[in-house]
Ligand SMILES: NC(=O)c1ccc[n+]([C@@H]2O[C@H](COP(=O)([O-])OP(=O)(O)OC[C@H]3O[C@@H](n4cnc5c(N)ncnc54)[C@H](O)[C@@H]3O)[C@@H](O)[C@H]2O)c1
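Coming up is one lone chain in structure tokens, specifically the form predicted on its own.
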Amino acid sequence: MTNNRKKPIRWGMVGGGRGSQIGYIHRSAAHRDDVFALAAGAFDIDPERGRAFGVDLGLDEARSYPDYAAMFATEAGRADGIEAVSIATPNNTHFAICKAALEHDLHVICEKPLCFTIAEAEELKALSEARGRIVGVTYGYAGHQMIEQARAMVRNGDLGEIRIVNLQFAHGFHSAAVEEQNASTRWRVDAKFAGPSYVLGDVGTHPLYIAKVILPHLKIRRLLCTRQSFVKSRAPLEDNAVTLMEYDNGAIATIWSSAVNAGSMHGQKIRIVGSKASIEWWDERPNQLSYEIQGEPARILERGMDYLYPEARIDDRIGGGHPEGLFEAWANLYRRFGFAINRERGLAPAGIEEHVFPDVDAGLEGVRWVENCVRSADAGGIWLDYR
């Protein structure tokens, strides 16, 4: 594992305060390799609760801000002000906060979706390029090491010509109207906060991005989407959706996005079928990759082993046989974000290349895919050219 920094990046957070589902993993991942150092935050919509939370984390009370606008403005005037910020707030706030951060010359790490529309995403992309700032999106599962093994296997022709891509993220935790008792779920099924979709954007974009990492040469040509609200109170947002896609090489893909797959813990699986062999990865067993050559016994490849491609071992934190999990995957992504930020600052060691990371283009593509899926579903589930 490479040391990709000379000093920690001064870092702030918007959201992710007490009671947040995702705030702790952001902080744990950012601090794991000492690439980032938390210096400021606007953690809560309630200023006093957010201030108290920041103090509990060990921050100077003066740098635990009532809102993101105050934090960005004040930190910009400090010699030791923050250089990057993570956004861990409800979906409807992402665009405004990300835009404001970029306008204050901050690097940004944003929860998905990056925003609600293609036009907004393109505006953020243009702004990040004009300001010379990195935008990362937390597709956290992509930090698992066996994703890099799968990418290398495809690139090296181990599977042959890619024919079928079968993707799903289908859990069962919202098979009933749990949002009636759970505020952290309630906003996810409210279009005012969640945007134009629920499960398409909330879970479907995760395997979509992983497929893009593994299969960077494939481009979506057209798609068909059908979506349902099995818990009727969630309409017009869907809690289940099936998307069919055709790639430009003739391969076909399916994505099942669901929160009502009763009995399923997580149900995120990636299966890629080639002319010679297939591979399958399941996020509940992230340290293994199934490798199935036609006419031979199936193999289970294990994380951390010498027989893997070198790319799959760059992020090793401990030897094979010791399980690594989601916190390590997120830490891998945060280290990649830090590497990209330091490279932009001219501080990354020369000659070192790291894995790809979910950048502003990945965020734009997630928004584009959701927008196209909704367009198809709302037209009656018809095939549409991808645009």
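Fair warning: this is a prediction, and the values are worked out from it, not measured in the lab. Don't overthink the numbering: it's just position in the shown sequence, from 1.
In what follows, reference is made to the form predicted together with this ligand, a form of this protein that is not presented.
Heavy atoms within 4.5 Å of this ligand in the predicted complex are found in one stretch of 148 to 156, 281 to 289, 135 to 143, 234 to 242, which is 135 to 143. Taking a 4.5 Å heavy atom cutoff to this ligand in the predicted complex, the contact residue among N249, T117, S184, T226 is S184. The single contact residue among H206, H107, R303, H174, judged by any heavy atom lying within 4.5 Å of this ligand in the predicted complex, is H206. In the predicted complex, at least one heavy atom of A88 sits within 4.5 Å of a heavy atom of this ligand. Residue contact with this ligand in the predicted complex: S20 places a heavy atom within 4.5 Å of it.
At least one heavy atom of D44 is located within 4.5 Å of this ligand in the predicted complex. Although the partner is absent from this view, K112 contacts this ligand in the predicted complex, with a non-hydrogen atom inside 4.5 angstroms. Annotation: in the predicted complex, residues R49, H94 and W330 each come within 4.5 Å of this ligand through at least one heavy atom.
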